[in-house]
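A lone chain, given as structure tokens: the form predicted on its own.
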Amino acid sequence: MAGVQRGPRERMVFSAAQLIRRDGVSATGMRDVAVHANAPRGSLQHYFPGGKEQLVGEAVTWAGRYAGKRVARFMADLAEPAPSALFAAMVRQWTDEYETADGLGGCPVAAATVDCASSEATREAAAAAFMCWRAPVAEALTELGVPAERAEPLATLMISSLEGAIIMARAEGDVRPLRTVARELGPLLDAAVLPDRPTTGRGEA
């Protein structure tokens, strides 16, 4: 996302997503977002009259759309057109971050789901965000030869496995759970491909 020019509103939504994935919703204050976004504090009320709940909802929505758009990029860069290779690319995004940054951030959608379970608006935003992510993954699996009736269930499996591995990797301070889930889930994903669309994907991240 480097080099993208954003206005103050877009910067605050982006900053909220980054702070939520690092610190969680409860520990992310509106002032923290304004400072991180280099935006005037008074602009928070102007752009987000619904307060923190609105800002969190929009940050979660942004995160879901971003994750969904990344799927097309992963598909375009695949050396091997296989479901396991797609999943490995999804995992690699996180292992690369861990290895180049001071630590691994979490997923803002998952963080908001856990921290704001009592907020119906945030729950709905998180559910929609996961759908924005799941739908492109399912479509990609279909393109890779997975039957349409299995594409969405497997997309759900991929995303939920990745989310769980991210949490474990953060807890353990190691990318091993991420590499493990890519390796172990890859063969299952490739086995779902129709017989007339053989693939030889790699599960390693």
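All values derive from a computational prediction rather than experimental measurement. Position 1 is the first residue in the sequence shown; the rest follow in order.
What follows is about the form predicted in complex with the DNA, which we do not show.
- Remark: of stretches 154 to 162, 139 to 147, 64 to 72, 44 to 52, the one touching the DNA in the predicted complex is 44 to 52 (heavy atom within 4.5 Å).
- Taking non-hydrogen atoms only, residue 176 never approaches the DNA to within 4.5 angstroms in the predicted complex.
- Taking non-hydrogen atoms only, residue 168 never approaches the DNA to within 4.5 angstroms in the predicted complex.
- In the predicted complex, no heavy atom of residue 34 sits within 4.5 Å of the DNA.
- Of all the residues from 7 to 24, the single one having a non-hydrogen atom no more than 4.5 Å from the DNA in the predicted complex is 8.
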